[in-house]
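This document starts with one chain, in the form predicted on its own, laid out as structure tokens.
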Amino acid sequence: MTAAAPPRTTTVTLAVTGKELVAEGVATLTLARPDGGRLPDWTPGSHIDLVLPNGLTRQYSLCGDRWDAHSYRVGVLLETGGRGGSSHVHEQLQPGHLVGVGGPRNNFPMVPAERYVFVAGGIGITPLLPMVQQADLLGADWQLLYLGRSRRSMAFLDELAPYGDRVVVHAKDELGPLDLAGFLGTPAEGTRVYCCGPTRLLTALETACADLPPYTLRTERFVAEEQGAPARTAPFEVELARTGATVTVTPDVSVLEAVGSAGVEVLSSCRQGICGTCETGVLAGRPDHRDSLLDDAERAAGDCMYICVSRALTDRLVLDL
């Protein structure tokens, strides 16, 4: 019998070295290796997968000092209607506890630009905070619009205060709704707009940026975009190139579930196609991309897919598993 391939994404065990309530419903965790060793480098926009003691895996953006080689920091919003990940972090996880960590990986990279406009909605500040720090370090022209229900619920205001009027804080309970299109205006040539926040904010910003050059706006989502029906409803075959096994994916299961039933472990988190944890290489066949991450060119290339949601256009896929 052929030995099973190792898990595609490995995790390391880190210790919680700090926990702080930084806003109403928002806690930060500081993580480090138990032996004090160096952690993998990361870039603004990166996230990690937190494998919690209760068995849940959740994705959180890195929001600490990227030049600190020995610790990671993440911010976690307590979601009362969530699936239990954030409540475990807030109510159970304490300094000294151990957690599994996958990554870091970056699906929201900060690219060179003459000018940046950052737009954060609530906990969406977490991936943008390191971008602000990077833009300032590089001497770039930048501005941050930070939207929230109230100042009490908005994390990291103290860290943003030294930037002065480059940071516009808009608390809805004080100022009411914001005219987003009016604030944005017509960005100067060479501007990149980065936004992370709830769907309604992303939709409004996409509308405001509709006439701008392609790729001006880059977004990171909390919730997957709505998808139509799969391209095909018939079962299809998935060959696992490393093991030589073949599994049948029926309409009622995902590719992730099907390969898991064959004994191949692939770390996953969101199960919505928004976090990138389960990215898998495609060696043959054409995927039916159903994620909210890949752009048109990446979809056309067809050399990777997110197997928690994406399926097949062809009768057979060969995956790098």
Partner chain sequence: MTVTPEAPAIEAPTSDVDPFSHEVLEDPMPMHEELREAGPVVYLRRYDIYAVARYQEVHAALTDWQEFPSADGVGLSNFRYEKPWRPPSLLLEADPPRHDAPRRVLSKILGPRALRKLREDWFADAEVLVDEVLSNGPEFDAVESLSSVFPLRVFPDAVGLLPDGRENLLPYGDHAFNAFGPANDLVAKGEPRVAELAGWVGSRCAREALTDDGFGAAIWAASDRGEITPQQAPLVVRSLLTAGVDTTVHGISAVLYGLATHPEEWQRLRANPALARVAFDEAVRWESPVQTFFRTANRDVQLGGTTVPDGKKVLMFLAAANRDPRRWEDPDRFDLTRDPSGHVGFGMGIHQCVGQHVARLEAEAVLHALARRVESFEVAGATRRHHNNTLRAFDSLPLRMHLA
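Source: prediction; values computed, not measured. In this text, the rigid core denotes the largest set of C-alpha atoms whose superposition between the two forms falls within 1.5 Å. Numbering follows the first chain given and starts at 1.
Absent from the display: the form predicted together with the partner chain. The rest refers to it.
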- Is every one of Ala15, Thr57 and Ser310 in contact with the partner chain in the predicted bound form, taking contact as a heavy atom within 4.5 Å? no
- Note on the structure: Among Gln143, Gln134, Thr243, Ser71, just one has a heavy atom within 4.5 Å of the partner chain in the predicted bound form, namely Gln134
- Counting non-hydrogen atoms within 4.5 angstroms of the partner chain in the predicted bound form, say which of Arg218, His90, Arg166, His170 makes the cut. Arg218
- Taking the shortest heavy atom distance, is Asn106 within 4.5 Å of the partner chain in the predicted bound form? yes
- Message: When the contact criterion is heavy atoms within 4.5 Å, does Pro112 count as touching the partner chain in the predicted bound form?
- Response: yes
- Can any non-hydrogen atom of Ser268 be found within 4.5 angstroms of the partner chain in the predicted bound form? yes
- Message: I'd like to know if Leu294 sits close to the partner chain in the predicted bound form, meaning any non-hydrogen atom pair within 4.5 angstroms.
- Response: yes
- Counting only non-hydrogen atoms and a 4.5 Å cut-off, give the residues of 302 to 316 close to the partner chain in the predicted bound form. Asp303, Cys304, Tyr306
- Task: Align on the rigid core first; then say whether the Cα of Pro287 has moved by at least 2 Å between this form and the one not shown.
- Result: yes
- Ser254: Cα shift of 2 Å or greater between this form and the one not shown (core-aligned): yes
- Does Arg242 count as moved between this form and the one not shown, where moved means a C-alpha shift of 2 angstroms or more after fitting the rigid core? yes
- Would you mind telling me if Gly102 and Ser254 are closer or farther apart in the predicted bound form than in the shown form, C-alpha to C-alpha, with a 3 Å or larger change? closer
- If the CA atoms of Arg58 and Asp296 move by 3 Å or more in the predicted bound form, do they move toward each other or away, so closer or farther than here? closer
